[in-house]
Structures are given as C-alpha cells and as structure tokens.
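Presented as structure tokens, the chain that follows is alone, the form predicted on its own.
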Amino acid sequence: MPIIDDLTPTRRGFLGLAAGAGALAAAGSQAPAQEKVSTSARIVIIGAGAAGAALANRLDERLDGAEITLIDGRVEHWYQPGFTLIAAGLQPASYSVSRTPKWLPRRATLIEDWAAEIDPEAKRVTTVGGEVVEYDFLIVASGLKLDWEAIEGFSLDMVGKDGIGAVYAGPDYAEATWRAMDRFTDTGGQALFTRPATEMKCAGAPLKYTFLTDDYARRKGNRGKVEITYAAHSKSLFGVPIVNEKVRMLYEDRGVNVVHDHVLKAIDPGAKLCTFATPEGDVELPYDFTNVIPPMRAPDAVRNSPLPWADRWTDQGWVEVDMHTLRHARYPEVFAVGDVAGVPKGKTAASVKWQVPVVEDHLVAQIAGREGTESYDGYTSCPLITRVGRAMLIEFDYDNNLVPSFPGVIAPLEELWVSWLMKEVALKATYNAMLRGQA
C-alpha cells in the first residue's frame, strides 16, 4: 500500500467539504414526492447496474401496480468509478463489489440471466436460458461490452503478469494491474498507455492512469528510470478542446511523450511489443508496462437487434435514441440509459445520475397519457486524477461547455485536493444514493 501524507487540519476541513458536497448533491437532485400513477404496465429493464437499479427504484416509487422486471446475469454489483482507486493501490478489490439484489426495490423481480434476443416488434426479450419476458415498456440499461477479442494476442489471464494491466476488466483485474504498476515503478522501463477508437466509458480513465503511474515513479524517486508514452487514438487527448489543451500542457510538463492517431490492434507479450494501426500503416511500440483498453461496443443482444442506429456508430451498436429524451426514435415504448445509449456524450456514472430522471419523467408521463418535460443536456463528469491527492473536476455538456457544479468553489481546470476528495470520498456516497433512487 502506498504511503500518503497525513491529513493536515486544512485537509480535514476539505474532507468535510467534500463529504458535505456529496450529501448536498444527493439531496439537491432528489425530486419532491409526487402522486403515484396507478398502472398494470409490464416494465422490463435490461441491466441491473447503475442505470438499471436507479431507474427501477425511482419507478417503484412513482408507479402503483407496475410489474418491474430486471434482467442481468451478473449478481455482483461493481462500483466502477472505484476501479482507478483499486488500480492505484488505494483500495482493495472488495471496495467496488456488492450484491446486485441489495440495490433493487423489494417489489421488483430480478432474472439472473443475460438477455440474448430483443424483439421490439413483438415486445419481448429472450434470455440466454430461453426464458421469454414480454413487456409494455423496455429500458435498455445493459452497459457495454469490452471487446477483448479485438486485441490480437491478448487474453485476460495475462493481466498482472509481465507488465500487463487492464483496469477496465473488473475489480480483481484492477488490483492485479496495481501490482504490475507497482513493480514497474520500482524497476523502471517503458510505460505505454492507450485508448480505443470507439466510444468508451469514462474517457478520462486512460489519462488518469498515465498520471498516476508518473506520480508513483516520482514518489519512489524513480522517474528518471521511467519513460512514459501515451498513444492517442486521434489528434487530441480529450474531446473537450479546453480540457485537451490542459492535459497536453500537463503531459508536456511531466515528460509524457504523446503520439497521435495510434489505435491498438495487437500485443505480443513475449516480445513486449504493441502493434498500432496508424494512417501510415502498422507501427510497433515497446513496453515494460501497459494498460490494455479494448474497443467498446453494445452487448451482442443489443447490436443484433433492430434497436441500434443504422447510420451512426455502425460498428458499435449503440441504441438509437433522442439525445434529450433518451426515447427510441422508432419504438416509442423503448428507452435507453447509461453507456448503451446512442448519444454524443454521457458514458459516465455521473451522466446516469442525470439521465435516469429524464427517462423516469417521460415513461411515467406516457403511462399517464401526457407529455414528459425533462431534458438531458449531455452532462458528463470526469474527476480527472492528476496525481495522488490532486484532481481536476471536469464537467461538460453536449456543446463542450464546462458546467461546474460548484462555481467559485471548485475551479474545473485546477489540480485541487478537494476535487480529489470528491472522487475518493464523496462520489461513492452520492453513487449509492443514486442507486437507491435518492439522487
């Protein structure tokens, strides 16, 4: 476990501020009690993760008599914002693991299986085990698929060995990644970081882990023994221009080499080489430590259904929804929320927090025979860790406007201790309140 400076009184004050901010965020976004709508509607939610659980709880409070069924084959709930902390050696793998039923309303039914087929014409979902579930309304909250098979030469049993990490793969893999990074920053060598060319959850995570590796090498007095390269998939490091420029400046200041238009396609663990597709052809780069991040796509059941966009993200399969209401463009009784929604931004847990009330509003309004009024503006949040104890709280919308939640208190492009505490302390409490439909 790394050694962190003790909290000074000032920092303890910041800790209280961060925890209080989390509580205020939860309380401030909780809708006032509304009259229940009586209905016998059958509502099926594919996915019982952050989006699915939060929506199930909110609908359970709003609807009297509705039959709510969730379909999810993973009975463990993963707190995914915690993976970076696990991969930094600051938390054990168990920090991000709980039981899915813990977060669901008692009146809801959980089918512990994966969705295999979605038929929006017949309004039914078939599970891998062959169970057919009919619905009146469908919410696709399935999350996304990590397409590990798209990286030639890679398999998950490599993680934690021979300098290979994979933070996104799960809590245990994040912990194994920490062990590999810890060994690397002891011995030194070439660190190589990448991100896929597809849309992805928490696009700041690859940048964070690059910063953290640099920080640990410095803390150990070994930065001179470490070379760090970040292979960007495009000509920028971050999709919001002002944030891209800030990260570029920080990387330059900390000696991180950046190459652009490099997309990882293969890894050779024996030779310790990664192969990238570039506009000039394939390029090989060496590594002693690397964090493998695969392309990300909608789960197969979604991609193979009629629900995805036909003319956008055709290789990824995101659900075709209106970017403001999250209602399907062709099937008005279908909504998508979370990572699987085909909108320009919003693949973070913080986005889910603001998407779920929109879907709730429009679905309940439809059942009650009226029009919904809520609108999602693309809000996305990224607590961008730049070293242990410092982060930038980046929040933005569809138009790449910075939309800080605490203007005048937390400057979004400053490396602040309080922003770090928002990530390390306050975020999980707010996340848990969201799961229960209370934020």
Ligand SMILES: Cc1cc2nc3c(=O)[nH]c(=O)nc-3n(C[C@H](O)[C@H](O)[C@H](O)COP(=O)(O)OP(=O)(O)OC[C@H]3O[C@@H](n4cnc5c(N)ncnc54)[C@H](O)[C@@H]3O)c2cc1C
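All values derive from a computational prediction rather than experimental measurement. Start at 1 and count along the sequence shown; that's the residue number.
Another form exists, predicted together with the named molecule; not displayed. Remarks below refer to it.
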Would you confirm whether the three residues 80, 208 and 338 all fall within 4.5 Å of the named molecule in the predicted bound form, going by non-hydrogen atoms? yes
Please determine, with the chain shown alone, which of 409-417, 370-378, 46-54, 394-402 has non-hydrogen atoms within 4.5 Å of the named molecule in the predicted bound form. 46-54
Under a 4.5 angstroms heavy atom criterion, identify the one residue in 354, 95, 331, 114 near the named molecule in the predicted bound form. 114
Looking at 185, 305, 348, 229, which has any heavy atom no more than 4.5 Å from the named molecule in the predicted bound form? 348
State yes or no: in the predicted bound form, is some non-hydrogen atom of residue 142 no more than 4.5 angstroms from a non-hydrogen atom of the named molecule? yes
Can you tell me if residue 168 lies within 4.5 angstroms of the named molecule in the predicted bound form, counting non-hydrogen atoms only? yes
Could you confirm whether residue 214 comes within 4.5 Å of the named molecule in the predicted bound form, counting heavy atoms only? no
is_contact(residue 199, the named molecule) in the predicted bound form, heavy atom dist at most 4.5 Å: no
Those residues of 285-321 which, in the predicted bound form, come within 4.5 Å of the named molecule by heavy atom: 299, 301
